[in-house]
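First, one chain by itself in C-alpha cells, the form predicted on its own.
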Amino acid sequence: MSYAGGDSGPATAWRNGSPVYDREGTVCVIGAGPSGLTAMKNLREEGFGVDCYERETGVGGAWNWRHDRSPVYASTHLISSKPFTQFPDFPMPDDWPDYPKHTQVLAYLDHYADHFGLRPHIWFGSEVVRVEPAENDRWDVTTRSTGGYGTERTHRYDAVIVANGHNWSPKLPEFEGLDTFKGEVIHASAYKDAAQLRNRKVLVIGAGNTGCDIAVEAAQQAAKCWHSSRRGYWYAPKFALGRPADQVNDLMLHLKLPLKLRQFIGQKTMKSTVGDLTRFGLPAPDHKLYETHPIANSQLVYYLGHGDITPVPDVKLFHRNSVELKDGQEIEPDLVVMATGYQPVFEFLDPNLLAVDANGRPRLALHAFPKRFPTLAVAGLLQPDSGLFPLVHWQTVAFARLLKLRDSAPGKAASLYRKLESEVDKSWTDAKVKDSSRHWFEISHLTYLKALERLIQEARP
C-alpha cells in the first residue's frame, strides 16, 4: 500500500501553493500502536472513515521492538496484570500468564488489528510532517514517506486523533563533565538485551520500573551493578495476598476505602512483605503510597539482599574515568544506563494547539481534549495505576461519540465541549502526586473511568 492517504481524487483546495485533497467524512489517526488501533476501531464503529498513518512497517507501536523508537527490551513483561491491560471487547487468551511478555502483547495487538479489519486503513511507512487547522474545525495533515523520501502530500480531515505515544523521546539529564567521561553512556531506550551488560561494571541511573528491571538484569549479568536513586520510592511486589498486586489495589478502590486507609493498608502490606528497604541502603520514600507512579518489581529486593545490586545516591558529576555521587564517593563504571524516562513530543503540531506550557506539558481536559479545538484529541497520554489499553478504549469511544454528536446535535455538543474545557486543569487522582515530568499525568483508573463514563452518557443525542 502506498503512503498517501486514500483515493483522494483531484485537489479541492490549496495551501501555501500546494494542493490539498479532501477526505470528507474521514478522521486521521496518527500512529498504529495500541492507542491508534483502538481509536480506529471505535471511530469505524461510529460510522467514520479512518486513515491511519504509521511511520513504521507494522502495528504495535512501543510494543513492536523491531521499531526504531520502541523502548522494549528482551525481558520486558507487563507491569499491569492481564485483566487490567486487555481491551474490554477483545480479551487476552485464558491460558496466558498474569503478566504477559512483550512478544505476547505484540501478537495480541496483531490479532486485534486483524479481528477488527484495521490494516486496510493504515498507511505504513508514512510519517506525519504537519497538522494544521483548516476552516470549519477541519485539519490539514501533511505526510511523506518515513525518512523524508518522496514528495509531501496534504489531506484535509474532519478530525484528528494523535496517538503517537509518549515513551519514545528519551529524557536525558544534564551532568557536569558528562562530555569528558570515557565510559559508555546509553539511554534505556538503547537497551535491548542483557548481553549488553555482561561482565561490565554498570551504573543504572533511575529508579522507575525500567531502571529497576535493568538493575536486576545487571545483577545477573554484570561484574558490578550500582543503582542510583534520586529519591525513595514504594517498591510493590507484583503479587500480594496470592494475586497480582494491581487486582488487590482495585478491590480496595471498589470497596470505596478512603485514600488514607488504602495508603495505610498498602504501606503495612509492603512493609510486611518487602520490608524496610533502607536497611539495604535505599533512601526512605519522601511521600506516601500512590503519590508517585507505582514501582512493581519482585526481584529488586532479592538482589539487594544478596549484595548483587549496590544502591547509591544521585549522581553529582562525571570525571574522565569515574562518577562522583552526591554523598562524595566515587565509582568507576564502564557502562552507564540512564533510565531517566521519556517526554511527550508532538513534532508535527504547533505547541499552542495543545497549550503546551514551559515544561512541555500539554493542558488537556481528561489529558485528551484541548481547548478551542473540538475536533482534535490526544489518545493515551496517561500514567495510570493500572493498564492503559482499556482507558484509551473508552477515551476514544468518548471522542467518537462527541464527533458524532456534532453532526446530530451541534448545540449539545458545543455545550459539552465548554464543560470539558472548564476541567482542563482538573486532577484525576485522589492522591497528591509529585510535581515532576514523570508524574504530572498520573491518574487513578477508577476515577478516570467514571469521568469517561459520564462523558459518554452525556454525549448521547
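Numbering starts at 1 and follows the sequence shown. In this text, all values refer to a predicted model and were calculated from it rather than measured experimentally.
There is another form of this protein, the form predicted in complex with a small molecule, and it is not shown here; the text below is about that form.
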Handout entry: Stretch in contact, per heavy atom within 4.5 angstroms of the small molecule in the model of the complex, of 345 to 353, 298 to 306, 251 to 259, 273 to 281
Key = 345 to 353
Problem - Contact label in the model of the complex: Phe389 to the small molecule, heavy atom within 4.5 Å - result: yes
Practice task
Spell out, yes or no, whether the shortest heavy atom distance between Ile79 and the small molecule in the model of the complex is within 4.5 Å.
Solution key: yes
Exercise for the section: Could you confirm whether Arg69 comes within 4.5 Å of the small molecule in the model of the complex, counting heavy atoms only? Expected result: yes
Exercise for the section: Report whether the minimum heavy atom distance between Asn167 and the small molecule in the model of the complex is within 4.5 Å. Expected result: yes
Handout entry: All of Ala32, Tyr53 and Tyr73 with a heavy atom within 4.5 Å of the small molecule in the model of the complex
Key = yes
Practice task
Note which of Val323, Ala222, Val337, Ala379 lies within 4.5 Å of the small molecule in the model of the complex, where distance is taken over heavy atoms; exactly one does.
Solution key: Ala379
Practice task
Quick one: from Ala159, Val185, Val128, Ala240, grab the residue that has a heavy atom within 4.5 Å of the small molecule in the model of the complex.
Solution key: Val128
